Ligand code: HSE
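Quick setup: one chain, the form predicted alone, written in structure tokens, and binding and motion questions come after.
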């Protein structure tokens, strides 16, 4: 069985560890083949290299966890076409983990619901980030825009974004370091004024998604806690300039997850202009940049069976 596993963008500004968005491009392809041993095997067929030890691969870790919890009598070999760049801020590790949870559920007829799939996919994030965070794996499973409202008990809401949204992704050739490091610089305490600001902006963004109001979504993409802290730590270069660039072009701009990817949300008719502006901006900084013009997309979905 083969699946398409999407890139995702987490946080969208003020929604740290809560908001996530599935993207139509880029995506990984993951194929699973049953094996008689109760274990996981990993093969990278093409694209970016990721760990092949199943205990160090997010998908392999998910397969091992589900074999254990459901006492499965067989295992899976995962064959990965890794098109989402690891360490990009586009949920590369989550795509593999979500694909693995989906494939185990389908192949072994476990009949798990979406929230259970998110739970198992999140276990894979321990391998890459040190904690089982949900903001990438939730949209990777659900598709569209997701809100993780509670972890215990797990509660996730899925919302279809407005159809006129374009998402422009700028992926600069910058090494941000590990996601674990990016999480370590997040403030442990915030002022009440910063809390009020982020709650207000996050509310506007979520309401904009539900009401299909793109201007509300753009207005809500303003964080005063996590993104500035990561900028001060040197993890997000040129942060203030990028926010100003987006504002000048009428786009909502946010760092995608822990970066270095940056996303701009804008009307589809203006997407190419924003893409060119992102590319020129990074060129002016002496930095190469890959740009995707995409839109919200579905979660993990089945491709052709073999």
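Numbering follows the first chain given and starts at 1. Please read all numbers here as calculations on a predicted model, not as lab measurements.
What comes next is about the form predicted together with this ligand, which is not displayed.
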Heavy atom within 4.5 Å of this ligand in the predicted complex - the one residue of 30, 262, 63, 258 that qualifies | 258
Listed residue (119, 82, 201, 230) with a non-hydrogen atom within 4.5 angstroms of this ligand in the predicted complex | 230
May I ask you to state whether residue 197 is within 4.5 Å of this ligand in the predicted complex, using heavy atom distances?
-> no
So, in the predicted complex, is residue 136 in contact with this ligand at a 4.5 angstroms heavy atom limit?
-> yes
Heavy atom of residue 290 within 4.5 Å of this ligand in the predicted complex | no
Is there any non-hydrogen atom of residue 22 lying within 4.5 Å of this ligand in the predicted complex?
-> no
Okay, which stretch from 127-135, 155-163, 140-148, 100-108 lines this ligand in the predicted complex, with non-hydrogen atoms inside 4.5 Å?
-> 127-135
Contacts with this ligand in the predicted complex, stretch 2-32 (heavy atom within 4.5 Å) = 10, 11, 16, 17
